[in-house]
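Consider the single chain below, provided in structure tokens and representing the form predicted alone.
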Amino acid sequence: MEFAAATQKIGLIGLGLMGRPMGMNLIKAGYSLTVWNRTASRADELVAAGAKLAKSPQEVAAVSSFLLTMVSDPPALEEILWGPSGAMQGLQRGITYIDSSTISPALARKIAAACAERGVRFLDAPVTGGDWGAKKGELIFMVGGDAATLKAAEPVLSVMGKKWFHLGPHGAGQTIKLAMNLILALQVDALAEALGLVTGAGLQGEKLVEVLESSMARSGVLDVKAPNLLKGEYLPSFPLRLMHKDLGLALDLANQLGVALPATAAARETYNYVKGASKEDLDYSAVMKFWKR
């Protein structure tokens, strides 16, 4: 069954940096959208554009043929699904539910099992692309679950993203996402460390970045984040608190699998320090503050 915009009622729970622009793209594509967020005022922009604001996650689920969740961490998602007036109570048999939060693979499998009991099709589909990717509808989805469910969901995903990868059974999307975020965190941490060395030697950080851009060490994330580190401006595109959470999830998974992640463990301590010392919500590129003490 494909999802035609004219007939599909989409529910969206979680209207943060990513959820809001994802919702706006769904409205622009002609989908009927019902939303819920813990802080109701975050729905104002979407409601003004035509979305309906529900009173609870359960109400969103009950009126949706396609449900999407995009929240900050595993406890927030568990509360939305199984807490008072939780979405699980409202899920209708035959609907599709996609979670695009970054959570543990184990929680993704727990959700998949609960959905299977209710006759609900589920995909874990975390995203990458930052808030700019969400605004442009150019996110990349990393998908775990059934290939046929993904095929049917592609028209909806194509409104929010430019690419999706079917990576394996439930939990596979989350595993790949954690591995990828681990690399992004380490790359930015390494750039900050190198800039600390260069500036400590009395040279301009711009000189290092200039050479990096022409070298094998160049990368997409460094192109985007290097200006933040050089200017000391860390407006959150991907908040440091969430990267810190994802590094913790990666280390938890590694612990369960018996895989050593020594570089990740060291980087998490750096992010941990900056998170603890910061009073405002900063981008994860603010890890540079560790060397600016």
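Treat the numbers as computed from the prediction; the structure is a model and nothing was measured. Numbering starts at 1 and follows the sequence shown.
One more form of this protein exists, namely the form predicted in complex with a small molecule; it is left out here, but the text below deals with it.
Colleague: Note which of 247, 229, 70, 33 lies within 4.5 Å of the small molecule in the model of the complex, where distance is taken over heavy atoms; exactly one does.
Modeller: Filtering the options by heavy-atom distance leaves 70.
Colleague: Within 4.5 Å of the small molecule in the model of the complex, heavy atoms considered, which of 186, 167, 76, 107?
Modeller: Residue within 4.5 Å of the partner: 76.
Colleague: Each of 15, 102 and 241 having a non-hydrogen atom within 4.5 Å of the small molecule in the model of the complex: is that the case here?
Modeller: Checking in the model of the complex: 15, 102 and 241 are all within 4.5 Å of the small molecule.
Colleague: Any idea which of 113-121, 202-210, 156-164, 79-87 reaches within 4.5 Å of the small molecule in the model of the complex, heavy atoms considered?
Modeller: Going by heavy atoms within 4.5 Å, the stretch is 79-87.
Colleague: Heavy atoms within 4.5 Å of the small molecule in the model of the complex: does residue 55 have any?
Modeller: It does not: once the small molecule is placed as it appears in the model of the complex, residue 55 has no heavy atom within 4.5 Å of it.
Colleague: Is there a non-hydrogen atom of residue 64 within 4.5 angstroms of a non-hydrogen atom of the small molecule in the model of the complex?
Modeller: The answer is no: residue 64 has no heavy atom within 4.5 Å of the small molecule.
Colleague: Would residue 23 sit within 4.5 Å of the small molecule in the model of the complex, counting heavy atoms only?
Modeller: Close contact is absent here: in the model of the complex, residue 23 is far from the small molecule, nothing within 4.5 Å, heavy atoms only.
Colleague: Under a 4.5 Å heavy atom criterion, is residue 38 part of the interface with the small molecule in the model of the complex?
Modeller: The answer is yes: residue 38 has a heavy atom within 4.5 Å of the small molecule.
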